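In C-alpha cells, the next block holds one chain alone, the form predicted on its own.
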Amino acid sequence: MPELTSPEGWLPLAFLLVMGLAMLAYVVLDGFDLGVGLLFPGADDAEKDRMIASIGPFWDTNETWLVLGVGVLLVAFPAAHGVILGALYLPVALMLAGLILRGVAFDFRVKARAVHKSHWNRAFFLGSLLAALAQGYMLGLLVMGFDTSMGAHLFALLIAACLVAGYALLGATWLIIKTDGALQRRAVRWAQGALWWTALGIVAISVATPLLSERIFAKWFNLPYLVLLAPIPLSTALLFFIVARSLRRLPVRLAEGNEYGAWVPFAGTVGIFLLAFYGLAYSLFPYLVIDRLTIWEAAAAPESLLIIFVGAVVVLPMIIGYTVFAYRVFRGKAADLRYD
C-alpha cells in the first residue's frame, strides 16, 4: 500500500469511495423501481398505472448512479475494468438490453392503444427481470473471483435469483409507502414472499466469501475482528426480524386505514442492503478483483486521476442535490398517472 499522504495513495481511495457510493445508491434506488417492474404480472391494469406513477419521477435519477459508478470504474481503474468487463461482457450486454427495453416500454405503454398496452406491460416486466438477473449474476461471479467453473456459474445463478427477490422486496415495500387500498395490501403479500429469498442470497454470499479466500476469512474470524464485526450480521438478522414482524402486522392496520409503521419494511430493507454492501466492501478491500488486483494496481496515473477528481468534486454534489430535490418534491402517495 503506498503512502496515503501522496496522490498515488489517496486518489485511488477517493475514487473507490465515489464508486462505492454510486453503486450503493444505484442498488437501493434503482432496486426499488426495478422491483416495481418485477411485480407487474401480479397487478391489474389500473394497479400497473399506479405502480408506474409511484416510480415515474425518480427512475431516471436513479439510473444516473449506475452511469456514475461505471464511469468511475472506466476512467479511474482502467486495469480493473479490462478484467471485470472482459469477464462480464455477456451479462453486461444483457443488463443494458433489459434497461433499454424497460425504458422504451415505460414511455410507450402510456401512449399505446389499449390492444397494445399489454405487450408493453410484458416488455416492462421482461426488461426489469433481465436487468435484475444480469446484475445478480455479475455479483455472484464477482464474489467467486470471476472463476469460470460450473460451480461458480451455478452460484452466480443462485445469487441472480436472490437479487431478483431482493429488488422485488424493495419494490413491494416502496409500494406499501406510496400506494393505498388493495394494491397496498397486495404489496405486503409480495414483500412477505420475497423476504426469505433475499435472506438466502445474503447468507450464501456471507458463507461463500470467507470460504473462497483465506485473506477474507482472516479479516472476519481472527480476533479481535470476530468481536468487532459481530454487530454486522447480528444487526442484519435483527432487521430481517423487524421487517418480517412489521409485514405480519400491517395487513390488519391497513385494513383499518391505519398507516402507522407503513415505512418500516422499506426502511428495514434499505438497512439490510446497506449492511450487506458494507460487509461485502469490507471483505473485498483493497481488491477490486478478489486477491488478484488492488485499487492501487488498477488505478490510472495520479496526474489523470487528479484532473478527473476535480470534475468529480463538481458533479457529485450536483447529482446528490438533484436526487434529494426530486424525492422531496414528489414525496407522499403516488397520484394517478397522467401524461397530458
Partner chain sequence: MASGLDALLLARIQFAANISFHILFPTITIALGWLLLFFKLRFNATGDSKWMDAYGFWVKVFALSFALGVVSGITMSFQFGTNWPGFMNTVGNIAGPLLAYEVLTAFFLEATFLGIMLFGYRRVSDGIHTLATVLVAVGTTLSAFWILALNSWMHTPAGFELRDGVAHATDWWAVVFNPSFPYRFAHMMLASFLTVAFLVAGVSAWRWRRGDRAPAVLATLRTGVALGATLVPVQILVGDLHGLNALEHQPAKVAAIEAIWETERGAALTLFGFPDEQARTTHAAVKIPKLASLILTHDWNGELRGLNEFVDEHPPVAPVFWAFRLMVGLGVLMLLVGVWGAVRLWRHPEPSPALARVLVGMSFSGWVAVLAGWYVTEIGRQPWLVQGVLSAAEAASAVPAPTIGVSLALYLLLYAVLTTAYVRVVFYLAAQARHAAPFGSRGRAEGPPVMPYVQPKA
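Bear in mind that the values here come from a model prediction, so they are computed numbers and not experimental data. Residue numbers count along the first chain shown, from 1.
One more form of this protein, predicted in complex with the partner chain, exists but is not displayed; see below.
Although the partner is absent from this view, R186 stays clear of the partner chain in the predicted bound form, with no non-hydrogen atom inside 4.5 angstroms. Taking non-hydrogen atoms only, K117 never approaches the partner chain to within 4.5 angstroms in the predicted bound form. Of the heavy atoms in D107, some are within 4.5 Å of the partner chain in the predicted bound form. Within this chain, G56 lines the site of the partner chain in the predicted bound form, having a heavy atom no more than 4.5 Å away.
The candidate spot formed by V70, V75 and F330 lies fully in contact with the partner chain in the predicted bound form, as each residue has a heavy atom within 4.5 Å of it. Site annotation in the predicted bound form: the residue of W65, Y287, F273, F40 reaching within 4.5 Å of the partner chain with a heavy atom is W65. Screening L96, A204, I242, L229 for any heavy atom within 4.5 Å of the partner chain in the predicted bound form leaves a single hit, L96. Remark: of stretches 308 to 316, 40 to 48, 273 to 281, 287 to 295, the one touching the partner chain in the predicted bound form is 308 to 316 (heavy atom within 4.5 Å). In sequence order, A300, A301 are the residues of 282 to 301 having a heavy atom within 4.5 Å of the partner chain in the predicted bound form; the partner itself is omitted from this view.
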